[in-house]
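Two forms of the same protein chain are encoded below as structure tokens; each is given separately, as structure 1 and structure 2.
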Structure 1
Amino acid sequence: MRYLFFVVLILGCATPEPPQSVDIVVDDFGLYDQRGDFHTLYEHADASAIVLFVQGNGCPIVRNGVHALNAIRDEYAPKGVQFFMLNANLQDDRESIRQEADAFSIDYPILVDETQLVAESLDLRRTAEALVIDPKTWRVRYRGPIDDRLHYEAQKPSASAHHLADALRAHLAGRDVARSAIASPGCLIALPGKDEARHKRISYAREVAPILQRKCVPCHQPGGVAPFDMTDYKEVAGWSPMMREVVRTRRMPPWHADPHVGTFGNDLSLTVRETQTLVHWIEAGAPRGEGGDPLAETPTQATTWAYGEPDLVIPLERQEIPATGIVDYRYLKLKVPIDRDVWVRGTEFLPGNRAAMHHALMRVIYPKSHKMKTAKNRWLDGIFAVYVPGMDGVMLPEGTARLLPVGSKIQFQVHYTTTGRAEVDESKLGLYFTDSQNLRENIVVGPANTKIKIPPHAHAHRDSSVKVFEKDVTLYGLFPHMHFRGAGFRYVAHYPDGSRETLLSVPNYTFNWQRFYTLSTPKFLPGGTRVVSHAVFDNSAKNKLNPDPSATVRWGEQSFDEMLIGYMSMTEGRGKQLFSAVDE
């Protein structure tokens, strides 16, 4: 009876056609899986082979193929073969894929190809196809079914041909794969975006340039942090293959928060549609098309204050940076030239030399007479302002401000990177004041774990820090901080009623992009809430930033030491009146 039922089910899929071509070099891509972990293909360059099995919810051939795939994984994963599934179905999403995986005991990372760009470039037609990719050449060595057991017409009790295992065995032995392309039964995948004629008509002037202006030009402009400027069509067309690569791998725009967790006011990332438009346009040869050139017509320059002339500018002493080597953190202390207490509603750090300035933290040294509410630790609590590339200015949420009492000093912790030539830097801090009444003091707390100890070569070492809020607070922003070994970071709020919520997940943390994530809607945390910052460190050689995988790494200020700090910007109490101000 069950057998019959199965036959009827799989009859719903069409008959196979000639095999898909193996003449493909697989370009790198970056995708989130069903659990929210982030993977790139090329990070598995040291695998002996990569198997990509095309999954789709509800497809009987996929569901029935999992056991055979498991058996192959049991044999070949110990031989260095990396296994993934890939779901490119329009109708499936992360949640439904997770449910399908639970229901059918699928424990592979299922890469969710939301833009369908990977499916298009691999020329996928049907689910249940397995691809074997050679990480030495990134060529497809085999594509086709796992074996010959499953067909539309019937399901055999056992397979007589073991295509995938044969292909892996041949590949690992350095032999040619005898049958490298076999038509594969499975369920057709709808790929409505795959329309090359349409891609040639994507308008540079109307569709592409506005995306670049919104999402790239803020950094890719003269005086900006990025190494090249998107100043006209010609510049963009020349960089377009590289743009395709960084967009497909999610290296650019530099925004590393999982898009399915929380919403952030300063979100830089491309939407699914924007990604498709850009990549399709580039794949069509970046056609110039009709219309003006918005990038050339409205040139921008990033040398001035993003929020206008500040109320007070504090210049830093000129700094000289050597051509190479590691520069110790520099500490500069400057008196704030004010003659009354002021409330600061925003700050902007204007680096004099964006190439050399890695980051700067600014902390207030309060006059003895001032009682500070929260600051306990020199750098961890009470951070006043942060500069990281791409985030020059910060305006605090409406109705909140940081108090700067007369007599305060600001201490700067400045971190320079060497660029290959001697550099000088003359940076400035700009402060924006407010005279508003009824302001709430906006403070930054930085729960840290200074006891971290990361063993040599550990690929995924986990540790955490905890902050318990005794009283009600309102959260505005989150700023995970680790160093070179930082690989992932997650903030989880545990509420007094026992429920919990992930506030931010950064599964592919990169030290080079320290970022303050501003919550779109401030988050009220009732007294008793515990916020746990979960960090993952990668001290293996796979981590390209890792200066020394053989080191046992402990807490320390230099980048080759580690930190684990879950900074949060907040006010005490319920920011009731603030919600309306922010929502407006």
Structure 2
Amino acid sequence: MRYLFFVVLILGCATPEPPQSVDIVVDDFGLYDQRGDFHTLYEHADASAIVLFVQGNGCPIVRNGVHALNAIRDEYAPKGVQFFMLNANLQDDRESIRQEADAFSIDYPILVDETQLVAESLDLRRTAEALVIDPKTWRVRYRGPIDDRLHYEAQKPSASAHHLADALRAHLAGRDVARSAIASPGCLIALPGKDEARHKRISYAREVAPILQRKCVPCHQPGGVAPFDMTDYKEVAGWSPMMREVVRTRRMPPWHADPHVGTFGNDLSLTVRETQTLVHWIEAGAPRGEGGDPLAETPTQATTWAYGEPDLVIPLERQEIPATGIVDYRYLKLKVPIDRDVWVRGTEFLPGNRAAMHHALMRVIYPKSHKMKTAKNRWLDGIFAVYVPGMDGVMLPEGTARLLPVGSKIQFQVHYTTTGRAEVDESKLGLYFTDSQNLRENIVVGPANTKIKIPPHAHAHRDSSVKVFEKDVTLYGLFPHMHFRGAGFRYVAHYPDGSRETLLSVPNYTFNWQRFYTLSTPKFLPGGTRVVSHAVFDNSAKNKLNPDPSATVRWGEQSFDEMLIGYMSMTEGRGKQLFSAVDE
């Protein structure tokens, strides 16, 4: 009798857990997987169903259940069912999850829920649970085990009930799932952040507003590029449901670099803690709490020079932008009003209309007498200045500058987006000079692949460009450039000793938010280093920016054409200092 009692306790059958509710609508989210690829849930709206299986390192029920899950995938993936795993364990990180997947031949994308916000919203408690989600309604149709073969420290030779397969069969046939919620054995998931009482005590004044000031207000201010201003609590609370959505899907803040690859001085992304704080506060009803209103007490206006008055200001011609539609790049050419060669230590582009200004690139058209260090296509090798929202001013590293000879012209490539009403823009370029001696020239190189050819309907077409540095160089920043079909970009350095290193990975490239990624620590590249820029293009109908999935896409300057350019900011030799980048 004592032995029987012991077995019952091990198997957990004495007090079975009640099944979780299926009355859940799954909100969209964006997560990286164990390989560093980025996924959103709603991008699979065309799937017939989505299976989300809760994975955890070391869990024997997960490990032993993969073979049964594989058999179900082999049957139902051809019928349009999309399969993912999800890991929300505090103790598991991306690298250990990747190692677990390799060791147990798990070839699914395992979405790493570092903030645990997805697990909380799905009310997950244990690993080895499978959820079937209907993409037409985003409701959960089934949650429970794969089958009845596995239990705590016990397994049957074969399953007698095939719960997940039965649920998929019923769903695809348009029938109700007979058993939609079944208690699932698995390893408990620690969710310390799931404390609704604590969430209601999150302080707007002390915790929330400072995050917004650091990461959001640079764009969400009067005269800024964002569609609304974070000027006080009332404004933030009114927009809080939308804020939750764009934070969960990583659409905002607009920073698309993989957080596990490299560190960047102008990083706008939210930390895990910041993300949890914002989302928990919003889900608690955005309580005002005690204290002042830091946003109202420190008003900002995005209309002043970040570094003070420049040595030279070059105004652009007035531009008119239509209310709606796609605006092609505009090219403006202006003579630089100088009577001598000058060295430029910093630049700042001050938009006259941040709401309409998407980005601007500036290149120098040198006088014929000037001997160029780089290739003759100055849009590729020799970008002089750049504007992207949130980072307008750049002071170059100490001891470096960019030469601007007398007789030069600056050509501006300006990209506007429409706002719903007719707009005008009168922007300015500010230049800061230096009289320092023994300067090293800071230049931008842009290795490109002008032979790209993207087939119609290609979901993940891959191509690359290469730059070989014959001499030692110091790398300061990276700026990937593609157009509407751009989906991912990665810089990989292949060193002369045979080793290689990923310098930047942007698995969630978005044409509407092109960014210059400033290295926190300059990277020395010895002579002979080969930097490969790997690009992924999405020419399918799933790409919402794609103007024509049926087109074969080639290189071209228009946004509906494509480009593959891996811009890099560098100096020859070994450098010491960093960029000084000003975030508005």
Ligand code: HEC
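Rigid core: the largest C-alpha set superposing within 1.5 Å between the two forms. FYI, numbering is relative to structure 1, first residue = 1. Remember, predicted model here, so these are calculated numbers, not experimental data.
In this pair, structure 1 matches the form predicted in complex with this ligand, whereas the other structure does not. In this overlay on the rigid core, Thr263 has a C-alpha that sits less than 2 Å away from its partner position between the two structures. When two forms of a protein are overlaid on their rigid core, residues whose CA moves 2 Å or more are considered shifted, and Tyr416 is one of them between the two structures. Comparing the forms between the two structures on their rigid core, the Cα displacement of Gly399 reaches 2 Å or more.
The two forms, fitted on their core, place the C-alpha of Ser436 2.6 Å apart, compared between the two structures.
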